[in-house]
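Only one chain is shown below, in C-alpha coordinates, and it's the form predicted alone.
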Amino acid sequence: MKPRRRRRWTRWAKRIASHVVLIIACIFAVFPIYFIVVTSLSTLPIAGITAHVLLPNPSQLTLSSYNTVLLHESPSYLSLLENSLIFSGSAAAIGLLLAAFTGFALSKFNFPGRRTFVYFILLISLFPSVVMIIPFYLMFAKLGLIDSYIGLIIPYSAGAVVFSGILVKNYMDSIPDDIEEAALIDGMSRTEAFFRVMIPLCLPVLGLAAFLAFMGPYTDYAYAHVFLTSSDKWTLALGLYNINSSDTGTQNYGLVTSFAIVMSLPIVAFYMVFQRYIIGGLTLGAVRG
(Lines give C-alpha, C1' and ligand atoms only; values in the text may rest on other atoms or scores of the structure.)
Protein backbone atom coordinates (compact mmCIF):
# COMPACT_ATOMS: atom_id res chain seq x y z
CA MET A 1 0.00 0.00 0.00
CA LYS A 2 2.76 2.40 0.91
CA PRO A 3 4.71 1.88 -2.31
CA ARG A 4 1.50 2.46 -4.30
CA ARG A 5 0.78 5.63 -2.35
CA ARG A 6 4.36 6.76 -2.86
CA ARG A 7 4.09 6.23 -6.61
CA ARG A 8 0.82 8.17 -6.65
CA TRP A 9 2.37 11.11 -4.83
CA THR A 10 5.40 10.99 -7.11
CA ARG A 11 3.13 11.06 -10.16
CA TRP A 12 1.18 14.02 -8.76
CA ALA A 13 4.40 15.86 -7.86
CA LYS A 14 5.74 15.44 -11.41
CA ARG A 15 2.45 16.65 -12.87
CA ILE A 16 2.35 19.70 -10.61
CA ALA A 17 6.00 20.52 -11.35
CA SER A 18 5.42 20.25 -15.11
CA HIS A 19 2.35 22.52 -14.89
CA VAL A 20 4.30 25.08 -12.86
CA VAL A 21 7.09 25.12 -15.43
CA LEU A 22 4.58 25.49 -18.30
CA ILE A 23 2.72 28.31 -16.52
CA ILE A 24 5.98 30.19 -15.92
CA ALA A 25 6.97 29.70 -19.58
CA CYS A 26 3.56 30.98 -20.72
CA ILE A 27 3.89 34.04 -18.51
CA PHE A 28 7.28 34.87 -20.04
CA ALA A 29 5.84 34.36 -23.54
CA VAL A 30 2.64 36.36 -23.04
CA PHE A 31 3.99 39.18 -20.86
CA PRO A 32 5.70 41.17 -23.68
CA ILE A 33 2.49 41.08 -25.74
CA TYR A 34 0.41 42.15 -22.74
CA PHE A 35 2.84 44.95 -21.92
CA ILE A 36 2.79 46.26 -25.51
CA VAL A 37 -1.02 46.23 -25.65
CA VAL A 38 -1.39 47.96 -22.26
CA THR A 39 1.26 50.53 -23.16
CA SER A 40 -0.48 51.33 -26.45
CA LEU A 41 -3.69 52.10 -24.54
CA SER A 42 -2.06 54.08 -21.75
CA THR A 43 -1.61 57.83 -21.41
CA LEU A 44 0.98 57.50 -18.65
CA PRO A 45 4.66 58.19 -19.41
CA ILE A 46 6.40 54.82 -19.54
CA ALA A 47 9.64 55.15 -17.63
CA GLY A 48 9.70 51.52 -16.46
CA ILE A 49 7.59 48.50 -15.64
CA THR A 50 5.48 49.57 -12.67
CA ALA A 51 2.18 48.51 -11.14
CA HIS A 52 0.50 51.61 -12.62
CA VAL A 53 1.53 50.47 -16.09
CA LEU A 54 0.77 46.75 -15.70
CA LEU A 55 -2.58 47.29 -13.97
CA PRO A 56 -3.89 50.59 -15.33
CA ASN A 57 -7.12 52.21 -14.25
CA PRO A 58 -9.77 51.65 -16.95
CA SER A 59 -10.43 55.39 -16.98
CA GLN A 60 -6.81 55.96 -18.03
CA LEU A 61 -7.08 53.75 -21.12
CA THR A 62 -7.48 55.54 -24.42
CA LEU A 63 -7.30 54.95 -28.16
CA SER A 64 -5.65 58.31 -28.83
CA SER A 65 -2.36 56.68 -29.88
CA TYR A 66 -4.14 54.55 -32.47
CA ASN A 67 -6.03 57.61 -33.68
CA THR A 68 -2.73 59.46 -34.14
CA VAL A 69 -1.09 56.55 -35.95
CA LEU A 70 -3.98 55.92 -38.33
CA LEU A 71 -5.17 59.44 -39.01
CA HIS A 72 -2.64 62.10 -38.10
CA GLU A 73 0.86 60.80 -38.84
CA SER A 74 2.80 62.08 -41.85
CA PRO A 75 3.35 60.16 -44.05
CA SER A 76 0.04 58.45 -43.43
CA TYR A 77 -0.23 54.87 -42.24
CA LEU A 78 -2.14 53.86 -45.38
CA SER A 79 0.66 55.23 -47.56
CA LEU A 80 3.28 53.33 -45.55
CA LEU A 81 1.17 50.16 -45.66
CA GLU A 82 0.69 50.45 -49.42
CA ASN A 83 4.43 50.79 -50.00
CA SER A 84 5.21 47.86 -47.68
CA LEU A 85 2.67 45.65 -49.44
CA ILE A 86 4.08 46.62 -52.85
CA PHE A 87 7.63 45.75 -51.83
CA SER A 88 6.75 42.63 -49.83
CA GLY A 89 4.12 41.28 -52.22
CA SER A 90 6.25 41.81 -55.32
CA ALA A 91 9.35 40.31 -53.71
CA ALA A 92 7.37 37.32 -52.41
CA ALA A 93 5.73 36.65 -55.80
CA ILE A 94 8.91 37.03 -57.87
CA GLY A 95 11.12 35.26 -55.34
CA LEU A 96 8.66 32.39 -54.92
CA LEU A 97 8.34 31.81 -58.67
CA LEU A 98 12.11 31.82 -59.14
CA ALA A 99 12.55 29.62 -56.06
CA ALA A 100 10.07 27.08 -57.46
CA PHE A 101 12.00 26.91 -60.77
CA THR A 102 15.32 26.74 -58.89
CA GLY A 103 14.15 23.99 -56.54
CA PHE A 104 12.68 21.98 -59.42
CA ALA A 105 15.86 22.24 -61.48
CA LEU A 106 18.14 21.31 -58.59
CA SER A 107 15.93 18.41 -57.56
CA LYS A 108 14.82 16.82 -60.84
CA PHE A 109 17.55 17.76 -63.36
CA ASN A 110 20.93 16.06 -63.36
CA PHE A 111 23.42 18.51 -64.83
CA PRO A 112 27.18 18.99 -64.35
CA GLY A 113 28.04 21.07 -61.30
CA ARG A 114 24.64 20.67 -59.62
CA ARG A 115 26.11 19.67 -56.25
CA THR A 116 28.62 22.52 -56.41
CA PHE A 117 25.84 24.97 -57.22
CA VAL A 118 23.80 23.75 -54.23
CA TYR A 119 26.79 24.22 -51.94
CA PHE A 120 27.35 27.67 -53.41
CA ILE A 121 23.75 28.69 -52.61
CA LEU A 122 24.09 27.27 -49.10
CA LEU A 123 27.31 29.25 -48.64
CA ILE A 124 25.59 32.46 -49.77
CA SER A 125 22.73 31.86 -47.32
CA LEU A 126 25.23 31.83 -44.42
CA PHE A 127 26.15 35.48 -44.97
CA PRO A 128 23.94 38.14 -43.33
CA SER A 129 21.88 39.99 -45.90
CA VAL A 130 23.17 43.36 -44.68
CA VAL A 131 26.65 42.66 -46.09
CA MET A 132 25.14 42.97 -49.58
CA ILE A 133 23.77 46.47 -49.02
CA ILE A 134 26.89 48.33 -50.19
CA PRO A 135 27.44 46.26 -53.39
CA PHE A 136 23.74 46.55 -54.26
CA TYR A 137 23.76 50.29 -53.54
CA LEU A 138 26.83 50.97 -55.69
CA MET A 139 25.44 48.89 -58.56
CA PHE A 140 21.93 50.40 -58.44
CA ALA A 141 23.32 53.91 -58.08
CA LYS A 142 25.07 53.43 -61.44
CA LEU A 143 21.78 52.18 -62.91
CA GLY A 144 19.75 55.04 -61.43
CA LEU A 145 17.56 52.71 -59.37
CA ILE A 146 18.05 54.33 -55.97
CA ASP A 147 14.81 55.60 -54.42
CA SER A 148 12.69 53.49 -56.75
CA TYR A 149 10.40 50.52 -56.27
CA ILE A 150 12.29 48.23 -58.63
CA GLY A 151 15.60 49.10 -56.95
CA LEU A 152 14.40 47.63 -53.67
CA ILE A 153 12.28 44.78 -55.05
CA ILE A 154 15.30 43.23 -56.81
CA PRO A 155 17.42 42.62 -53.66
CA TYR A 156 14.36 41.51 -51.72
CA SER A 157 13.52 38.97 -54.44
CA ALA A 158 17.13 37.78 -54.61
CA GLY A 159 17.14 37.17 -50.88
CA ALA A 160 13.93 35.14 -51.14
CA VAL A 161 15.36 32.94 -53.92
CA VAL A 162 18.49 32.03 -51.96
CA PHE A 163 16.66 30.55 -48.97
CA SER A 164 13.40 29.41 -50.56
CA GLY A 165 15.16 27.70 -53.49
CA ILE A 166 16.91 25.27 -51.16
CA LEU A 167 13.71 24.84 -49.13
CA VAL A 168 11.71 23.88 -52.24
CA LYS A 169 14.54 21.67 -53.53
CA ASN A 170 14.65 19.64 -50.32
CA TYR A 171 10.89 19.18 -50.42
CA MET A 172 10.85 18.13 -54.08
CA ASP A 173 13.54 15.55 -53.33
CA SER A 174 10.89 13.69 -51.30
CA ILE A 175 8.48 13.53 -54.29
CA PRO A 176 9.06 10.34 -56.32
CA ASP A 177 10.21 10.84 -59.89
CA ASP A 178 7.54 8.36 -60.96
CA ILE A 179 4.85 11.02 -60.47
CA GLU A 180 6.42 13.37 -62.99
CA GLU A 181 7.19 10.49 -65.37
CA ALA A 182 3.54 9.39 -65.23
CA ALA A 183 2.45 12.90 -66.20
CA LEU A 184 4.88 12.89 -69.12
CA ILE A 185 3.57 9.50 -70.28
CA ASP A 186 0.03 10.91 -70.17
CA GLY A 187 1.06 13.47 -72.77
CA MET A 188 2.01 16.48 -70.67
CA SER A 189 5.06 18.52 -71.49
CA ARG A 190 7.63 19.10 -68.79
CA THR A 191 6.31 22.62 -68.28
CA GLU A 192 2.74 21.37 -67.90
CA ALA A 193 3.89 18.67 -65.48
CA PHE A 194 5.66 21.32 -63.44
CA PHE A 195 2.68 23.64 -63.11
CA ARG A 196 -0.14 21.08 -63.01
CA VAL A 197 1.50 18.29 -60.98
CA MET A 198 4.58 19.42 -59.08
CA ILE A 199 3.32 22.84 -57.95
CA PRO A 200 0.09 21.44 -56.36
CA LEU A 201 2.14 18.80 -54.55
CA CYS A 202 4.48 21.49 -53.22
CA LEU A 203 1.80 23.88 -51.92
CA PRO A 204 2.74 23.31 -48.23
CA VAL A 205 6.38 24.26 -48.69
CA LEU A 206 5.48 27.04 -51.14
CA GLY A 207 3.09 28.49 -48.55
CA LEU A 208 5.85 28.47 -45.96
CA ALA A 209 8.31 29.99 -48.44
CA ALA A 210 5.80 32.69 -49.39
CA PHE A 211 5.25 33.61 -45.75
CA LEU A 212 8.99 33.88 -45.07
CA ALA A 213 9.57 35.80 -48.31
CA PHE A 214 6.82 38.24 -47.33
CA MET A 215 8.00 38.65 -43.74
CA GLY A 216 11.55 39.65 -44.64
CA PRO A 217 10.82 42.75 -46.75
CA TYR A 218 7.81 43.70 -44.63
CA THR A 219 9.88 44.02 -41.46
CA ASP A 220 13.15 45.11 -43.07
CA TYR A 221 14.65 48.43 -42.04
CA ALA A 222 18.27 48.34 -43.25
CA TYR A 223 17.69 48.09 -47.01
CA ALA A 224 14.72 50.47 -46.95
CA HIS A 225 16.68 53.06 -44.97
CA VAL A 226 19.59 52.98 -47.45
CA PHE A 227 17.67 52.70 -50.74
CA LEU A 228 14.70 54.99 -50.07
CA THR A 229 15.20 58.73 -49.68
CA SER A 230 11.70 60.06 -50.45
CA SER A 231 9.15 59.89 -47.66
CA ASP A 232 6.39 59.02 -50.15
CA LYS A 233 8.12 55.63 -50.69
CA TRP A 234 8.75 54.87 -47.01
CA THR A 235 7.72 51.51 -45.62
CA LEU A 236 6.14 50.73 -42.26
CA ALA A 237 9.54 49.92 -40.76
CA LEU A 238 10.79 53.40 -41.66
CA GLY A 239 7.57 54.90 -40.34
CA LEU A 240 8.04 53.10 -37.03
CA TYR A 241 11.61 54.39 -36.78
CA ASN A 242 10.44 57.92 -37.58
CA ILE A 243 7.90 57.75 -34.75
CA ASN A 244 10.44 56.25 -32.39
CA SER A 245 13.04 58.95 -33.06
CA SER A 246 12.63 62.19 -31.15
CA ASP A 247 14.60 65.42 -31.09
CA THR A 248 13.50 66.19 -27.54
CA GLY A 249 15.05 63.07 -26.04
CA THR A 250 11.71 61.73 -24.78
CA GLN A 251 9.87 58.80 -26.28
CA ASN A 252 6.14 58.39 -26.71
CA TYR A 253 6.00 54.66 -26.07
CA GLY A 254 2.23 54.59 -26.41
CA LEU A 255 2.59 55.83 -29.97
CA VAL A 256 5.40 53.39 -30.74
CA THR A 257 3.60 50.33 -29.37
CA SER A 258 0.30 51.21 -31.04
CA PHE A 259 2.11 51.60 -34.38
CA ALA A 260 3.82 48.24 -33.84
CA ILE A 261 0.48 46.53 -33.15
CA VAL A 262 -1.19 48.04 -36.20
CA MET A 263 1.87 47.15 -38.28
CA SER A 264 1.62 43.49 -37.24
CA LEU A 265 -2.00 43.08 -38.35
CA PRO A 266 -1.23 42.38 -42.06
CA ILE A 267 1.27 39.71 -41.00
CA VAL A 268 -1.36 38.07 -38.80
CA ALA A 269 -3.88 38.23 -41.66
CA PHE A 270 -1.34 36.72 -44.07
CA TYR A 271 -0.64 33.91 -41.63
CA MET A 272 -4.33 33.20 -41.07
CA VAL A 273 -4.98 32.96 -44.82
CA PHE A 274 -2.06 30.61 -45.49
CA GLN A 275 -2.04 28.89 -42.10
CA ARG A 276 -2.82 25.45 -43.49
CA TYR A 277 0.05 25.58 -45.97
CA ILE A 278 2.52 27.16 -43.55
CA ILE A 279 1.92 24.56 -40.84
CA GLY A 280 1.94 21.81 -43.45
CA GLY A 281 5.30 23.01 -44.75
CA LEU A 282 6.78 23.14 -41.26
CA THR A 283 5.54 19.69 -40.20
CA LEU A 284 6.28 17.91 -43.48
CA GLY A 285 9.69 19.54 -43.64
CA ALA A 286 10.42 18.36 -40.12
CA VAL A 287 9.38 14.79 -40.93
CA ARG A 288 10.89 14.42 -44.38
CA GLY A 289 13.99 16.56 -43.83
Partner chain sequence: MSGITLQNITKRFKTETAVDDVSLSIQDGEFVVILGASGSGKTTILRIIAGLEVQTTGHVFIGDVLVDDYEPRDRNIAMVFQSYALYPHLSAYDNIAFGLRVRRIPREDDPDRDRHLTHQEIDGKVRGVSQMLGIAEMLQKRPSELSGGQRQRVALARAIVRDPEAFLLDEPLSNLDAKIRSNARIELKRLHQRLRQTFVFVTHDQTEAMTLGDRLAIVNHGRLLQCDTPERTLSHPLNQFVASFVGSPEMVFLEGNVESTGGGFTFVKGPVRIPVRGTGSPGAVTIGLRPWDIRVEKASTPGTLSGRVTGVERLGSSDQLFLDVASPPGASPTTPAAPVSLRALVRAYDFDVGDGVFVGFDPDRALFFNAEGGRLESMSISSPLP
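Residue numbers count along the first chain shown, from 1. What you are looking at is a predicted structure, and each value in this text was computed from that prediction instead of being measured.
Below, we refer to the form predicted in complex with the partner chain, which is not included among the displayed structures.
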Non-hydrogen atom contact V197 with the partner chain in the model of the complex at 4.5 angstroms: yes
Touches the partner chain in the model of the complex: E192 (any heavy atom, 4.5 Å): yes
Non-hydrogen atom contact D186 with the partner chain in the model of the complex at 4.5 angstroms: yes
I150 within 4.5 Å of the partner chain in the model of the complex, heavy atoms: no
Residues in 149-168 with any heavy atom within 4.5 Å of the partner chain in the model of the complex: none
